[in-house]
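What follows is one chain in structure tokens, specifically the form predicted on its own.
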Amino acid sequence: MTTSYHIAVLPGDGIGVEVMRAAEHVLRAVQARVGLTLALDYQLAGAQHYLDSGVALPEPTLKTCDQAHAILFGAMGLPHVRGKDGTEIIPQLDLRFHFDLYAGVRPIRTFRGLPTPLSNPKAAEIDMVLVRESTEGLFYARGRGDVRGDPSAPSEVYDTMQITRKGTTRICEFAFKLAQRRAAAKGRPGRVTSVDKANVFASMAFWRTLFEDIASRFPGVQADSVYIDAMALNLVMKPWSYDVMVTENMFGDILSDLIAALVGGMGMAPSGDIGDRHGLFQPAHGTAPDIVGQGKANPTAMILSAAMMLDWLAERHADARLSDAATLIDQAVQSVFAQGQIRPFEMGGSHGTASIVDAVVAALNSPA
């Protein structure tokens, strides 16, 4: 059994630095509870580092990430820092492609004690996972845009979507296996819903054909397909009816923000970018330059992302201490909000980063 786990830590920009400090406090508290050692190895990267050095993702940082057991990521990118093509400097995309982190996993659920924008009482039952293919789709076009005409005043620009048999097969298999694990844990049938636009695009019709073929290999899991526009409607009207959703990169990018709003905001949305060898875990939110340094950032998504990292490591290394630590963090977060005394700023409350992390650490340190 591994005695210490090497974690590459990339705080990044804006509130990424603030929420990462919060997650570190929680991780140190839970280590003491379960007898675990996490070696947190802080590394430079991000838009500000690009301004300072001309490099957004230094080679030593990449090497450290490659050698680490897992990568813990804050947030990167600043609206005013852009490359020559006008797009933002966002190294998280470079990391996804470099390490082939093809499965973007976005779990979303409601927390007792916190409000949601939905009035239907069934909103309390929201518990779903969006699985986003993260290396193909429309994001494949990043850096490959076909600019036609005068580069200084283009007449046309084309971005090409890529859907491959390999990429679609592995992400759909990932989604069905996840649904099986969730079904076993929750004691009910699993379900995978594919989100596409197969009525318009040949690439999406190809995606649906592959999804249906893979679904036939998992007879114990329910499977269905929904068009992206209908899914946007359904997720507002009846989000509690979904379990695991799987979709293309751009659709997943958009829907992940929508489902975060259903439970109160991006500060409640953890995520993992997972490949066959590497795993990167980060809050789904951005750098929020408008609240940097004000202590208002909600660290919950970062804390829950750290718990996701521990769960992933536990499965890879068969180390029960890691899964115990993940469970303790999750239970601590749930208990803090269930008491009704802590409410983040984004939900109309008055509790910021320090208040939330202090409450979670106190819950971790309290006797079982």
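All residue numbers are counted from 1 along the displayed sequence. Small disclaimer: the values here were computed from a predicted structure and weren't measured.
The protein also exists as the form predicted together with a small molecule; that form is not presented, and the subsequent description refers to it.
**Student:** Considering the small molecule in the predicted complex, which of Asp159, Asp229, Asp290, Glu125 comes within 4.5 Å of it through any heavy atom?
**Tutor:** Exactly one residue meets the criterion: Asp290.
**Student:** Out of Gly267, Gly137, Gly167, Pro239, which one falls within 4.5 Å of the small molecule in the predicted complex, going by heavy atoms?
**Tutor:** The option sitting close enough to the partner is Gly267.
**Student:** Just checking whether Asp257 would be counted as a contact of the small molecule in the predicted complex - the rule being heavy atoms within 4.5 angstroms.
**Tutor:** Judged by the heavy-atom cut-off of 4.5 Å, Asp257 is in contact with the small molecule in the predicted complex.
**Student:** Is Gly286 near the small molecule? Define near as a heavy atom within 4.5 Å, in the predicted complex.
**Tutor:** Yes.
**Student:** Quick one: is Ala23 in contact with the small molecule in the predicted complex, heavy atoms, 4.5 Å cut-off?
**Tutor:** Close contact is absent here: in the predicted complex, Ala23 is far from the small molecule, nothing within 4.5 Å, heavy atoms only.
**Student:** Applying a 4.5 Å heavy atom distance criterion, does Lys296 contact the small molecule in the predicted complex?
**Tutor:** Output for Lys296 is yes: heavy atoms within 4.5 Å of the small molecule.
**Student:** Among 171 to 179, 212 to 220, 141 to 149, 278 to 286, which stretch sits within 4.5 Å of the small molecule in the predicted complex, heavy atoms only?
**Tutor:** Heavy atoms within 4.5 Å of the small molecule in the predicted complex occur in 278 to 286.
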